[in-house]
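In the form predicted alone, a lone chain appears below as structure tokens.
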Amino acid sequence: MAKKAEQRRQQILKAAFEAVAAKGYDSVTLQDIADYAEVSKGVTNYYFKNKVDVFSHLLEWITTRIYEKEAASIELKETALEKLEAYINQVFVSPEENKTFYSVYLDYLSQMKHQERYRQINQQFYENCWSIGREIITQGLEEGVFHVEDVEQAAISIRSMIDGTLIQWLMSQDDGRHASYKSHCHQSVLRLLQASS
């Protein structure tokens, strides 16, 4: 029974993601989510208290999945440079996926001043991302390929560069430049980490 309930919750969360990607956060209603999930509004209300509850769980679900994929991408790599490249490749997964996620994510960011729960989930996402950066940087320092004084600040900077680059690419509205933005980001992060003190 618990497995079926979890499957239904995920069905609703996936539908909420599709709905907000298509219509935008402000326009989506619980009825829209129910329609995308092909369930009644009552089913949506059974699993979630309200729209904010659905979207809190959605933000947590998608950011956790993204973090898990990014963390897994570096596990089988041996060197820090290989891990960094794998991490960047996983973040820049594809124009379609990046466009969908960042369009939805930017909608969430615009809601954070009104929803403390969104801010908390986002902060946890960044803490997770920074932990990947710390792992790569620490290994790179041990291998002698990176030269940074403040590991924590460098880890934060890596994610800032990644998100900034992806948002710039999104605003360019040119899917054909996705690979060049990824390459630019990778080279910029390398320059940051390999700069001599």
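These numbers were taken from a predicted model, which means no experiment stands behind them. Numbers for residues come from their place in the sequence shown, where the first is 1.
This protein has a second form, the form predicted together with the DNA, left out of what is shown; the following refers to that one.
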Residue 164: touches the DNA in the predicted complex, heavy atom cutoff 4.5 angstroms: no
Exercise: residue 172 in contact with the DNA in the predicted complex, heavy atom 4.5 Å: no
In the predicted complex, residue 30 touching the DNA (heavy atom, 4.5 Å): yes
Contact label in the predicted complex: residue 64 to the DNA, heavy atom within 4.5 Å: no
Whether 41, 46 and 50 all lie within 4.5 angstroms of the DNA in the predicted complex by heavy atom: yes
Heavy atom contact within 4.5 Å of the DNA in the predicted complex, the stretch among 134-142, 147-155, 66-74, 32-40: 32-40
